[in-house]
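Presented below, as C-alpha cells, is a lone chain in the form predicted alone.
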C-alpha cells in the first residue's frame, strides 16, 4: 500500500509538471493525440493507411476549435493509459477510454462522450456454448491489458472460476476466439457490431453485458484543455454534428 501511494504521488507530481495547456498547444500549432488504432469503429487505420474513426473525428473537432492541426501518435493501450499523458508525450488520449475514479486520480477526463458496455465476443455460430452470468467456471476468457475489461474480469469472473488470459494486442485475442483457444474475449459493445459488419458470420456477442461504462477524453491532471474539449463536445451536440458522427461510425443502419 505504501509503495502504491508513493507511485500515485509521483505520477501526480509528474502530471502536474508536464501538464499540457491550451497556450502550449496553440504555441506549437498542433494537438498531439495518443491512440491505440485497433478499436474499430473508434480508431483504426483505413485501407489507405490514414487514421479514421469516431474518436479521431472528435479529436479533429477539438483541434479545429483550438485553431491548430491534429497530430496522431499511435500508442499501445498498455502505455497509453496513463503514461503517455502523464509523461507529456501526448496532449490528449482517446481510445475508447473508460472514465473511472482510479484513473481520475492521475489524469483529468472530459465530460463523457459515449456510453458503452463490456460484452463477450465469441466465435460466430457459437454463442450458445458460452453465457453470462451462467456457465463461466473453467472457461478461458480473454481481456486486453490495462482495460476496464481486465479489471471487471478479475473482480467478477475470476471469483466465479473463469480463467483470465491477458493480451497486449486485441487482434491476438480475436484470433484465439476464432481458433477456439479461448471461449470468449471481452470487448466494447460497438466493436462487436463493427466486427459483424466487416466479417459477417465470424464473430457474435454472447450472454449479457458484464458492465456498462462511459468514455472520456484524457488530459494531464488539471489541464485547461478539458474545458476546451467540453466546449467542442457541447458544440457538436447542439449543431447535430455529434449525431451525424454517431450514425456514420457506430449506429446500426
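Positions refer to the first chain, counted from 1. Everything numeric in this text was worked out from a predicted model, so none of it was measured.
Quick note: we don't show the form predicted in complex with ligand ARG, though the next part is all about it.
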Check: Between the options 203, 39, 219, 54, which residue brings a heavy atom to within 4.5 Å of ligand ARG in the model of the complex?
Finding: 39
Check: in the model of the complex, which of the stretches 154-162, 134-142, 175-183, 92-100 has residues with heavy atoms within 4.5 Å of ligand ARG?
Finding: 92-100
Note to self: Given that ligand ARG is not shown alongside this chain, does residue 84 nevertheless sit within 4.5 Å of it in the model of the complex, heavy atom to heavy atom?
What the structure shows: no
Margin query: At 4.5 Å between heavy atoms, is residue 118 in contact with ligand ARG in the model of the complex?
Written below: yes
Check: Would residue 147 count as a contact of ligand ARG in the model of the complex, using a 4.5 angstroms cut-off between non-hydrogen atoms?
Finding: yes
Margin query: With the partner left out here, check for me: in the model of the complex, does some heavy atom of residue 130 sit within 4.5 Å of ligand ARG?
Written below: no
Next item on the list: Heavy atoms within 4.5 Å of ligand ARG in the model of the complex is the criterion; list the residues of 212-243 that meet it.
Entry: 213, 215
